[in-house]
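A single chain comes next, written as structure tokens; it is the form predicted on its own.
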């Protein structure tokens, strides 16, 4: 469901498949577990292999944003395909999440 990689204070999470109600709950728990480490200051979410996302995914992202903001950190998204990018803009996520092109390997 997700792969993660830690480099310094940066946590990169590669998401894949469909992020709907059932999956979002699981992702929330997995990512929060990774964020228990208070030295993580930058969370990168790679959506390059996400084929679908609904409002549950938006809620999951906002929750991780709040976690990171509370510790003075940041959240970045990359690899947004047009439907997911559209949802980001409709939900206003682009105002609080830094959106980068490409993948986390090159950012």
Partner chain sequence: MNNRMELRFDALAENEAFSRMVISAFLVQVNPTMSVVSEVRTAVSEAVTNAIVHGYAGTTGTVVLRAQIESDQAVIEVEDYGCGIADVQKAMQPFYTSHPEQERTGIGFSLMQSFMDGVSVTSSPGSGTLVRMTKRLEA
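Bear in mind the structure is a predicted one, so any value in this text is a computation, not a measurement. Numbering follows the first chain given and starts at 1.
Unshown form predicted together with the partner chain; subsequent notes refer to it.
Screening 39, 26, 33, 55 for any heavy atom within 4.5 Å of the partner chain in the predicted complex leaves a single hit, 55. Shown here without its partner, the chain carries 9, 72 and 99, none of which come within 4.5 Å of the partner chain in the predicted complex through any heavy atom. Contact check for residue 91: a non-hydrogen atom falls within 4.5 Å of the partner chain in the predicted complex. In the predicted complex, residue 13 stays away from the partner chain, with no heavy atom inside 4.5 Å. Contact annotation: residue 77 falls outside 4.5 Å of the partner chain in the predicted complex, judged by heavy atom distances. Although the partner is absent here, residue 68 lies well away from the partner chain in the predicted complex, with no heavy atom inside 4.5 Å. Applying a 4.5 Å heavy atom cutoff to the partner chain in the predicted complex picks out 62, 63, 64, 83, 86, 87, 90, 91 from 62 to 91, in order along the sequence.
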